[in-house]
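In structure tokens, the next block holds one chain alone, the form predicted alone.
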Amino acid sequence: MIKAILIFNNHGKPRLIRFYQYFSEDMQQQIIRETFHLVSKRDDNVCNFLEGGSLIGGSDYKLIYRHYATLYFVFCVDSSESELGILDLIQVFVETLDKCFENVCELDLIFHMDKVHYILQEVVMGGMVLETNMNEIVAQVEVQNRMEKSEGGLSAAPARAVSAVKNMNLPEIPRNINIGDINIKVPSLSPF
């Protein structure tokens, strides 16, 4: 099972943090620091698997990571997960981000955090792998984007309604409204 997904830059600044096991906030910060120190001091030509640090569970846990440009993608997993399977999952996640953002960079992770989390939730939820087919993930992201655009039209509706009322050409504003036995006096309204 996946215990945590950490993405940080070359300077150790977290860009995406997702824990699937409860840790206090202080412990999470220590795990991030320790993981960064373990991963960042390794050469690029060495194995991408290492035993988990003392904070995340010791030898029963593994850190599987990839370093792309300025970002480290680190998956903390227990011993039941396949190292090569998780390495492939990291590749799928990064390629999906690349397709969705057209040459993904660190700024995309910062300014489009909601979309990145949505993509991650399409791949992993609750520490379990849901989808590894990049085309399926991208298709779901496109559906989500279409829904957001259609809702954007609805969120602009109040402004359109106000402008439509302002542009109405009423010859006279009614002063008294009579409905059966009910008589309603309309107060004087100032024009828009």
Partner chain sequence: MSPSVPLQEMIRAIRSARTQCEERGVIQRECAAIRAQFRQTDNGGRSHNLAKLLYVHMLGYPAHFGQMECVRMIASPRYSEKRVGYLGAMMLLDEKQDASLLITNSIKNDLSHSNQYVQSLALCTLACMGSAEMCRDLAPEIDRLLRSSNSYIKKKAALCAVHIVRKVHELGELFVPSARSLLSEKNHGVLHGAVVLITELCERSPETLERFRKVSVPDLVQIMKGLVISGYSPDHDVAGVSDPFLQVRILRLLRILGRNNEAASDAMNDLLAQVATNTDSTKTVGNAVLYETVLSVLDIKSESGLRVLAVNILGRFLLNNDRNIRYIAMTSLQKIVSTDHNAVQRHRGTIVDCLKDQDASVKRRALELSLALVSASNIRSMMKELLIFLSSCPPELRAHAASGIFNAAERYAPSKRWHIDTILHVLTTAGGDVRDETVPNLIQLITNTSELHCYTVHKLYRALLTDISQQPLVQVACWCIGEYGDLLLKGECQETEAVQVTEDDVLDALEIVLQSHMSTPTTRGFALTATMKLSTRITDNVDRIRSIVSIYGSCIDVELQQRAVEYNALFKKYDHMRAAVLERMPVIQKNSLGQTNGELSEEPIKESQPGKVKQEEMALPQQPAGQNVYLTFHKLVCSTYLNQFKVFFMLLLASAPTVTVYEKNGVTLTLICERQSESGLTVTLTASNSTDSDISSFTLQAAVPKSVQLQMRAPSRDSLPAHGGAKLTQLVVLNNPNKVGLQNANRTVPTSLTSIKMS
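Numbering follows the first chain given and starts at 1. From a predicted model like this one, the values you see are computed outputs, not experimental measurements.
We do not show the form predicted together with the partner chain, though everything after this point is about it.
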| item | value |
| --- | --- |
| Contact flag, C100 vs the partner chain in the predicted bound form, heavy atom cut 4.5 Å | no |
| Contact label in the predicted bound form: Q28 to the partner chain, heavy atom within 4.5 Å | yes |
| Proximity of H67 to the partner chain in the predicted bound form, heavy atoms at 4.5 Å | no |
| The partner chain contact in the predicted bound form: E136, any heavy atom under 4.5 Å | yes |
| Stretch 83-118: residues contacting the partner chain in the predicted bound form, 4.5 Å heavy atom cut-off | E83, L84, G85, L87, D88, L89, V92, L107, I110, F111, H112, M113, D114, H117, Y118 |
